[in-house]
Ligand SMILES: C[S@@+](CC[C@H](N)C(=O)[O-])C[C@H]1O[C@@H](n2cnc3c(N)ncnc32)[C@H](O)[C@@H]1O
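In structure tokens, one chain follows: the form predicted alone.
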């Protein structure tokens, strides 16, 4: 539950075009005796408790990686009086698409040679990989625009007076968001609509011109914004006029004889069409295996143009971490925010490889209940015993129903994890459920179950629902969704041992070795079993052979990352990585951020006695053990 709400009152700017087909986060209460309007945006940004998960270096610049929603991340920054000088966001495009990453089994240290031999004969990707959904981009336009309006207002509230914002969208929704930004930032603060032309995209054949561009809208908070003109090199020198400013107007410069002056130039001023190639699967430097990753060249241009060294650059939908990585490389401070654990881990590893200093914070706003929203949203039906889809119920409110021998059909409401406005069960949401959801159910319904992630006040909301629901005989039961998720989360298991040894060199330095004997993840086993069952069913229907994906007895091939903390024994303390190993998809190790051509041998060494061990499995789940 939110500690408090931090006000941010955006006033619609006079004379601006506005969209009238959505309600700008207003939720109408048409329950008994009231037709009032509650605007969540006027209540403020919800401030939640935060937990420090990891600290890397001294971090004097207060660089942050925040796991939390944009709204609650901005509330935290506002409360701490932290302002940002440049914002780039690449939010969902409302494209109706799901995004997934490919999860690879690593090389098992005990069977590295056998796997290497198998690769000579088999398609190794099919042998040891499966997909896992990362996040969903599935919205109706009205809800998407409400969500964007609220986020943009929150972002504006933490921008410094000389800040600017780049909003990256495509053809699905960009034209609508342009009107929102006119309303929030003002048409006078519109600077550019940039076209990112990715000329190297392999577009499929279709009955239209290939879509090979995105739009990036640039707005400032005020007229006093930072802008550094950017240039690119020409292949050949070109003669161009010399211009100068007189009384605020650009005119042609002339020499002492009155002749127009020209100069040979190898530089070209960058305009609003950017020819920057997309990342390709064959690229070897930048890709980090994250869906929708953007090239560093794109962010480098943005950061150089609209910030100076030492300024704060923020990305509240940080994804692969390209904004933070480029900002750090260019001498800027950074704030990376995202709700997905895969995003947090990806940017963490990416910045660690740059020797960046930062702190990882987790905001207790509900996102920690699930690894990523689309994954849990898909699995909730299987997590709640007896819950099944019911086509006769209005899907706007009811996810499905449970059949009870005494009560018959029991409709079940689940909050949409992709929509922040449904996370908190408050009176506006409860009133809508009663008026439009429960009251439209038939007389045969005796009971409904309403799940919530967060609730304003349980007994106040329960009393409110009962009072507004007097016109029906339907019983309403409120249930905490956190309990459902907590009951099914099983931590990974590992067997390990720590020993001392001396190096074999001249100095005979005492070191510590942690040996991982076995590692088992119940969730990975379930994922692989589901994959094998699906593959066998398809093979049976098609008559084509299917090779089952299997895990060895010790399960070491399901490990992606290992770290030891030699400073803290308290399991709740922020993590400090004194030594770490990441195993890439080819089985090679990345030791303390440095790539190598060595295979993992099942151990990790440290100069000091390790007090805690952290292991991340290939799906991104992390578990900590005291040693």
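As the structure is a prediction and not an experimental result, all values here were calculated from the model. Residue numbers count along the first chain shown, from 1.
If you look for the form predicted together with this ligand, you will not find it shown, but the lines that follow are about it.
> Which single stretch, out of 193 to 201, 249 to 257, 453 to 461, 84 to 92, brings residue heavy atoms within 4.5 Å of this ligand in the model of the complex?
That would be 84 to 92.
> Just give me the single entry in 472, 514, 189, 292 that has a non-hydrogen atom within 4.5 angstroms of this ligand in the model of the complex.
Spelling it out, the residue with a heavy atom inside the cut-off is 292.
> Just one of 401, 320, 146, 220 has a heavy atom within 4.5 Å of this ligand in the model of the complex. Which one?
Exactly one residue meets the criterion: 320.
> Using 4.5 Å between non-hydrogen atoms, is residue 70 touching this ligand in the model of the complex?
Yes - in the model of the complex, heavy atoms of residue 70 and this ligand come within 4.5 Å of each other.
> Closest heavy atom of residue 334 to this ligand in the model of the complex, within 4.5 Å or not?
Residue 334: no contact with this ligand in the model of the complex.
> Taking 4.5 angstroms as the cut-off for heavy atoms, does residue 411 touch this ligand in the model of the complex?
Judged by the heavy-atom cut-off of 4.5 Å, residue 411 is well away from this ligand in the model of the complex.
> Counting only non-hydrogen atoms and a 4.5 angstroms cut-off, does residue 314 reach this ligand in the model of the complex?
No - in the model of the complex, heavy atoms of residue 314 and this ligand never come within 4.5 Å of each other.
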